[in-house]
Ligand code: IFM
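This document starts with one chain, in the form predicted on its own, laid out as structure tokens.
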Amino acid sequence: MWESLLPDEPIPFAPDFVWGVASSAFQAEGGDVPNDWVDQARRGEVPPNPGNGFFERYAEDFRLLAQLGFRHYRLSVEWSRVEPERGRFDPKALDHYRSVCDAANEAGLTPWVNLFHFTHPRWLVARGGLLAASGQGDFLRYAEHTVSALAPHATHWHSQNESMVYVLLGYLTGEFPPEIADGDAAAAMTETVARLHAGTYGIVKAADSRNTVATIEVYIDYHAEDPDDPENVEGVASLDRWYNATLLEGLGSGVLPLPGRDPVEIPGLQGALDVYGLNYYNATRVGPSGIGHWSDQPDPPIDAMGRAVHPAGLEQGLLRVADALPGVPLLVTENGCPTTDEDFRIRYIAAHLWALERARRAGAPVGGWFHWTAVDNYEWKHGYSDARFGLIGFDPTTGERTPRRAAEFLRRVISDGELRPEHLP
């Protein structure tokens, strides 16, 4: 299963290669915060999220990650903590996130702060969410207040996590809050997330022009279930154009090519990034039987969420972005897998670092890689299950952290500046 996916030669990494880990506020912090996912859990629609202890143990986690060789940490701010009521900002919450950034810096980890990771404050939901007339202004007010508070403590920023996944799951398929399944709403929200990114970029740069702003977008490697069916092939191509190409074109030209609508010029969108952050997990099949995983192998490795391992999709995604945005540096801002098998996790990591290296050799300017995630966390509708993405496990009773074998494997890769095939299980 793995033989053709793994490197057969050493992979070198430059001394300035960015080695990081990524997390999100709500997935790691949990807690009884006033957001829509907590409300869903109260209604029994999703598992409750007690958190993994990061809210209290962040400094300990940072020291442990630094010992493993990592030098960058992608975190997020929980909007509902910072602004629990519309227009009322909680100084204690902002002090907490300042302390998180300071602890990361003290441990030798550069914090990358993301302002939005899927969760909505309860008050925003009551007002109609981000598509309401006041929604964009609400977000940008929150962004300006938060950036102003944290900018002296962090210099690397993201406006939103996986904005097109947010649109796909929240407004097209209705799987995630706000649970809307409507093509017109999805098109409107595509325009909205582009405007929010452009606005946030301006806010971050106004705070300090030296600040770095990066995207976070999942590349979905789409494939038709029946490549001999022209209707299936065109449908998948249309989905790919909307999902993968729309924001890429908008960032390059400032004009958003919305499906079924006239192109929309977004002020401030053209070139509104210093780094393109690309996430990747697996390839997706779309066709008459619905949506599923895809691989070009007859018997691919399958992770704990039932997804086939297909590293070539990462290579393809990086090259596609490099072609669309020439000269823009690239980072892999998330990559990892859910599993309880450490041999599987190590092989998955190695296979994708090999795909990253192939993309670099083909000209993609990829300067770093962030593992998802540091400590096992809440995986949305899966809750805490065998969908364990962490390099570090934790005891739910004591909170004690235990690095896994994959963490030691990566410590060696980072220390050596090289991934050697003989070190793979």
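Note that residue numbering follows the sequence shown and begins at 1. Everything numeric in this text was worked out from a predicted model, so none of it was measured.
This protein has a second form, the form predicted in complex with the named molecule, left out of what is shown; the following refers to that one.
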query	finding
E78 within 4.5 Å of the named molecule in the predicted complex, heavy atoms	no
H72: touches the named molecule in the predicted complex, heavy atom cutoff 4.5 angstroms	no
Interface membership of F118, the named molecule in the predicted complex, 4.5 Å heavy atom rule	yes
E379 within 4.5 Å of the named molecule in the predicted complex, heavy atoms	yes
Of E83, E162, D221, D303, the one that lies within 4.5 Å of the named molecule in the predicted complex (heavy atoms)	E162
Contact residue in the predicted complex, chosen from F26, Y58, W372, W369 - any heavy atom within 4.5 Å of the named molecule	W372
Residue stretch of 379-387, 63-71, 361-369, 40-48 approaching the named molecule in the predicted complex, non-hydrogen atom distance within 4.5 Å	379-387
Sequence-ordered list of residues in 328-344 near the named molecule in the predicted complex, where near means a heavy atom within 4.5 Å	E334
